[in-house]
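As a starting point, one isolated chain is supplied in structure tokens, in the form predicted on its own.
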Amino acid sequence: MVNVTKTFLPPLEEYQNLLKKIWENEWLTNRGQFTLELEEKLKIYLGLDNILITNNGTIPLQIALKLLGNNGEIITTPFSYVATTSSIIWENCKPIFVDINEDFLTIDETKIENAITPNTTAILATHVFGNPCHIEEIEKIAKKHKLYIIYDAAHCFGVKYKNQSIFKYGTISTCSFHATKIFHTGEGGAIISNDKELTKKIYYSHNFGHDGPLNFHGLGINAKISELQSAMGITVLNHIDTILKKRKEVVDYYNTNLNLNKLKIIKIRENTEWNYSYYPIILSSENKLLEVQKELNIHNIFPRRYFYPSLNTIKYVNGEKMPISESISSRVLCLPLYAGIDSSDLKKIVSIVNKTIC
């Protein structure tokens, strides 16, 4: 069976060596040795001044919205994973959708200003499939209207824009370390801000609001990662360059061998050092997508409809029509992409897709 992705598992002995130390320390959570070590290693690898790792990738969005959303309207994209929208609603804010750019698949920055009202408090945009939004334009708009910028950078581990980490942009950036991601801690995530005062609020917000064992800065929640998760992250990070190299090889193979005259692929924004996080293909119609998916499934190959449906169409949202997002979401299919995928499987995937789209 070939799935859309496969979790990278580091050598078991490497992980076991850290587990032995956890057993010796008898410290399983509450920012132990390996959580602190992983944060330091991530700061060095990513070129960041600070990073707070968390127990999953959704709670950073919730913390960001709790601190910056102020129960207002949040301008966001309909083309993302559901957590982007559900977090807005969960934190008693209102999602205001703006359609996407059909080439980059990110929020269309030219349509943001028309969506701003006196109730708008923030822009929550997704760097889709690790592809950066039009950061400069979004920053201009946010500055002009005094809005916060939250970037859902769930797919962006290792991505650089203009020679620096994508996480350095915006008021807050968040990332997912879920097991399906390029870098993972089994389940986990991260939240990053360049604002020192905001970073302090983020820190106490992720630990019940604590100011020491008996006092409280303010409202908080439990977003702490465990030592078991952090140990997994340390061992995975040891292999991250190899993971990225092998994923690039898969993407290069697809780019070279797929019939790109018959389908469309994502356009990576200029000045981006991409991380090869996903390989979405956009078919001519939903019927053609279903046909390709069916043929691949027959051969035990399971791509994924990422992202479907367009989030403005979810029942609890009742959003306005978003023609481009709705069209793209009905026609986009992510092909299998992971380090270690067999070359014979890649050949089979390409052969089936090319044959079916002709």
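Treat the numbers as computed from the prediction; the structure is a model and nothing was measured. We number the residues from 1 along the sequence you see.
There is another form of this protein, the form predicted together with another copy of the chain, and it is not shown here; the text below is about that form.
J.: Of the options Lys288, His239, Lys111, His178, which one has a non-hydrogen atom that comes within 4.5 Å of another copy of the chain in the predicted complex?
T.: Contact with another copy of the chain in the predicted complex is made by His178 alone.
J.: Can you pick out, from Asn163, Asn259, Ser284, Asn222, the residue that has a heavy atom within 4.5 Å of another copy of the chain in the predicted complex?
T.: So the residue touching another copy of the chain in the predicted complex, by this definition, is Asn222.
J.: Answer yes if any heavy atom of Asp49 is within 4.5 Å of a heavy atom of another copy of the chain in the predicted complex; otherwise answer no.
T.: No, Asp49 sits far enough from another copy of the chain in the predicted complex that none of its heavy atoms falls within 4.5 Å.
J.: Taking another copy of the chain as it sits in the predicted complex, is Ile234 near enough to touch it, meaning that at least one heavy atom pair lies within 4.5 angstroms?
T.: No.
J.: Indicate whether Leu19 is a 4.5 Å heavy atom neighbour of another copy of the chain in the predicted complex.
T.: Taking the distances in the predicted complex, the answer for Leu19 is yes, it comes within 4.5 Å of another copy of the chain.
J.: So, Glu320 and another copy of the chain: in the predicted complex, are they within 4.5 Å at any heavy atom pair?
T.: Result no; Glu320 lies far from another copy of the chain in the predicted complex.
J.: Taking 4.5 angstroms as the heavy atom distance cut-off, pick the stretch from 56-64, 320-328, 39-47, 294-302 that is near another copy of the chain in the predicted complex.
T.: Only one stretch passes the 4.5 Å heavy-atom test: 56-64.
J.: Is every one of Leu12, Trp23 and Glu91 within 4.5 Å of another copy of the chain in the predicted complex, counting heavy atoms?
T.: Each of the three qualifies.
J.: So which bits of 151-175 sit within 4.5 Å of another copy of the chain in the predicted complex, heavy atoms only?
T.: Not one residue comes within 4.5 Å of the partner.
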